[in-house]
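Below you will find one chain, with nothing else, as structure tokens; this is the form predicted alone, and questions on how it binds or moves follow later.
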């Protein structure tokens, strides 16, 4: 008998702390339960919840929330150059990053302190300070609730893009574990100015030094979800044609620009919002964080409609002033949806 609970509150299971209730809720701790619990859901929509760190939950989810709490870390293979290490989807992401560095397995240092779980990392293709998780993912194991079977996706199958993947758009694929290819010798990525500046003060900095540096920077710029509800960066940094970038630089010489290739460059969404004097702006229960304009926060008792109304207001302002359409980074979970085409 499965311990499925009804009308389960999700306020404390999403880092935005949005008021939300699941009609049905199940805590997944055994991978062997997946086939039966998804089969018993029948026609009900299913959403798999991890750390709740990059999602916007509805006031009422009209279906089954499967809370992924699968745990375990296994060393699969080791060579002189790399290791393959498998982590179950319910493992806490930042705990895993710290664990790998302690073991002498490197590559994930720049992704320190990103909230959430292992299972969310390939779905969102999480990234920070010049590193994306896709560069270290060997494969992803999933349960396909459409075909009722377990399968494995290699890196190319995941179709990784900027904060996006094939998994993000195929809700019938439930991530159960991720296998990472990590380095045995650290190669520190210090491309970002803040990181390079901090490490320049150290002699022969280590991977742990880099991790400490990234944690310090994130704590300075981003609010702690335990203190005030947020999902970190709320909007994607837009990638624009160089012609438009040139026009922006001519009008706004201080705008941060990060070249992508000869034809495109990324500009700072946070700068675009801050330049409109929206830092600290508030609409009722929600607002723009007063220390980082890219972060939207829940001041208390907010709901998804309130948050999305603020996001729409900001998007309209940015479009009116710069002719740039900002895209929302966190996944917006609808009240009801199809898990897959029958």
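Predicted model only: the values in this text are computed from it and were never measured. Residue numbers count along the first chain shown, from 1.
Heads up, the form predicted together with a small molecule isn't pictured, but that's what we're talking about next.
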{"item": "Options 138-146, 239-247, 123-131, 177-185; stretch whose heavy atom lies within 4.5 Å of the small molecule in the predicted complex", "value": "123-131"}
{"item": "Check all three, 256, 268 and 329, heavy atom within 4.5 Å of the small molecule in the predicted complex", "value": "yes"}
{"item": "Exercise: residue 274 in contact with the small molecule in the predicted complex, heavy atom 4.5 Å", "value": "yes"}
{"item": "4.5 Å heavy atom contact, residue 171 to the small molecule in the predicted complex", "value": "no"}
{"item": "4.5 Å heavy atom contact, residue 38 and the small molecule in the predicted complex", "value": "no"}
{"item": "Proximity of residue 86 to the small molecule in the predicted complex, heavy atoms at 4.5 Å", "value": "no"}
{"item": "Heavy atom within 4.5 Å of the small molecule in the predicted complex - the one residue of 65, 57, 297, 293 that qualifies", "value": "293"}
{"item": "Contact residue in the predicted complex, from 166, 162, 252, 150 (heavy atom within 4.5 Å of the small molecule)", "value": "162"}
